[in-house]
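Below, in structure tokens: the form predicted alone, a single chain.
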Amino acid sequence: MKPAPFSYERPSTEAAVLERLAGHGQRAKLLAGGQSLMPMLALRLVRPDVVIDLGGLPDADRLEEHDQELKIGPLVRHQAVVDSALVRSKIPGLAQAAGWIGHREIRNRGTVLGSLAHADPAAELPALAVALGATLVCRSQKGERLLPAAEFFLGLFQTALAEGEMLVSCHLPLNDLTAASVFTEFALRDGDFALAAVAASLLTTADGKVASVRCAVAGMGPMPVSDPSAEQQLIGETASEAVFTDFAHDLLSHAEPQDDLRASADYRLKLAASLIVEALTESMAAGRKGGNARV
């Protein structure tokens, strides 16, 4: 199929993008990497009147450290994250998550913020953003909002972006917890969406008790699955496989996996529980060594 007819615009400033979004409203779609939008256009799953290309924005591909945060601009590509020495050293889980996305050709075009705004519940980066406490900066002509990632994702392909708003940056904290971050997943074939995926980070005290923990799971419902209360209950426990297994069961009690041609819901739950234990164990080891998990 071919896309339904639409107009194409390529503004050269963010102010011009926001002006066009305000004018066109829900009849507009933003184009960053296009790895999700273009197939949807071709299948006529979306039929915008206008596509606004962000490719003309200067410095929109900045990936930089500022005020103890990693700031990700709207045109930062997945592969740039994978290749970044800054990311690999300070937030290894982010580099791992980006490395699982599709194939290199897709990573060379797809963008971090595009993936977050698309809000596919099986995607890697929404779960990573929730697990590591990302802040998402949303901007319109009316002003700017800073949203925690846990409040940004509302459901299947649904976010808290309001009409006329654009996701302009993602901020991830740079601290000991993000330095010990891990991302792992299982897919039937290289480049496929995962049957289950886990972003996690865990630090322990000198005597082996859990000091802090964050975890989120992808592919287990209409949005990333996390449980702050279960995380809080884990703090102070002596870290062990049995404790991590109990935590996984508590977290996944909120999951809503579905049967499909690739796997049953029951299998996905068992797989996710195993991946949670694996990720927490690997993160704990990285934190104890004072180094980073594998990338």
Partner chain sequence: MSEMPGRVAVRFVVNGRPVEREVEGRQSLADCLRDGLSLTGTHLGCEQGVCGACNVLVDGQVVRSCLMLAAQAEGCQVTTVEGIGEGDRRLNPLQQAFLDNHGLQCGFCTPGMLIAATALLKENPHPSREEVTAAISGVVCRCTGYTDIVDSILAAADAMAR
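Residue numbers count along the first chain shown, from 1. In this text, all values refer to a predicted model and were calculated from it rather than measured experimentally.
The next section is about a form of this same protein that is not shown, the form predicted in complex with its partner chain.
For a residue to qualify, one of its non-hydrogen atoms must sit within 4.5 Å of its partner chain in the predicted complex; none of A150, P222 and R262 qualifies. Exactly one of the stretches 250 to 258, 266 to 274, 31 to 39, 223 to 231 approaches its partner chain in the predicted complex with heavy atoms within 4.5 Å, and it is 31 to 39. None of R214, K71, R109, K90 but one reaches within 4.5 angstroms of its partner chain in the predicted complex through a heavy atom, and that residue is R109. Only one of D53, E241, E65, D61 lies close to its partner chain in the predicted complex, with a heavy atom inside 4.5 Å, and it is D53.
In the predicted complex, its partner chain sits within 4.5 Å of a heavy atom belonging to E105. Among heavy atoms of L43, some come within 4.5 Å of its partner chain in the predicted complex.
Contact annotation for D49: at least one heavy atom lies within 4.5 Å of its partner chain in the predicted complex.
The closest heavy atom approach of R10 to its partner chain in the predicted complex falls within 4.5 Å. Heavy atoms closer than or equal to 4.5 Å to its partner chain in the predicted complex belong, across 218 to 257, to no residue whatsoever.
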